[in-house]
Ligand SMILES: N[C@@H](CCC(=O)N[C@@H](CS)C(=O)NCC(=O)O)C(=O)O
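To begin, one chain is listed below as structure tokens, in the form predicted on its own.
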Amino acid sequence: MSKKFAVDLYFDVISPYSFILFEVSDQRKSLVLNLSNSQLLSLHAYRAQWPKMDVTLKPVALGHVMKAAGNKPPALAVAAKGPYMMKDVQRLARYFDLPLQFREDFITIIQTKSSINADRLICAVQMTQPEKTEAVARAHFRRFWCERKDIFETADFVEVLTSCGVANPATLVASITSEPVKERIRQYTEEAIDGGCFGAPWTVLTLEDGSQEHFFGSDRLHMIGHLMGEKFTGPVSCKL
């Protein structure tokens, strides 16, 4: 059996570009997101085409990452980046036929609320019911970016877990303040920072010789495939 390439995806559910890279759509997703004719083959979709790729989801505390790097959210760092990011995300959503809706209150949200507990919850699921990790991460992304609902309170988390068929949702939600769960997200966050991360999404590809390649953003799948010796075919079809 050929050796697998480890791909670590560091992300925060508050990041729209993390959502785009995580999984925009494929044939499985068209059922999950109720899409018709969704064509983008994203990181998770490419696992079927690139069997040598072994993806690990690693939620991070994006605020800590950016603080460590001396970075700021685009719209807060440069005023012109706010309107640009809104247009860019909406353009990508149309291009990939994704029902992502950029929230008009996004800047207020990132200034007044934190997604840390949502990311901790994904870690808690990963530690106890790992087979549900992808579904719970996707449900958080969809809830915030497609359904325009919050992902900050206990009731939000219970709804997410219940929708994914996760066992013992109340116990899992209670565990997000436990030391093991907090340590897990600290570990992932420190890994990302140590690797030079300054934002999300951040992808680390470990090659066969043990060396690593690091990628920022949602548009580097072609390079990841190239370095693994795989063919990147891009979206089958798309429309603006």
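Computed from a predicted structure; not experimentally measured. Numbering starts at 1 and follows the sequence shown.
Just so it is clear, the following notes concern the form predicted in complex with this ligand, a form of the same protein that is not shown.
| query | So which stretch, 188 to 196, 47 to 55, 206 to 214, 64 to 72, is the one near this ligand in the predicted bound form (non-hydrogen atoms, 4.5 Å)? | reply | Residues of 64 to 72 come within 4.5 Å of the partner.
| said: Against this ligand in the predicted bound form, would A135 count as a contact residue? Criterion: heavy atoms within 4.5 Å. | reply: No - in the predicted bound form, heavy atoms of A135 and this ligand never come within 4.5 Å of each other.
| Looking in the predicted bound form, any heavy atom of V60 within 4.5 Å of this ligand? | V60: no, not in contact with this ligand in the predicted bound form.
| Applying a 4.5 Å heavy atom distance criterion, does M85 contact this ligand in the predicted bound form? | Yes, contact at 4.5 Å.
| Does this ligand get within 4.5 angstroms of any non-hydrogen atom of Y17 in the predicted bound form? | Although this ligand is absent here, Y17 would touch it in the predicted bound form, with heavy atoms inside 4.5 Å.
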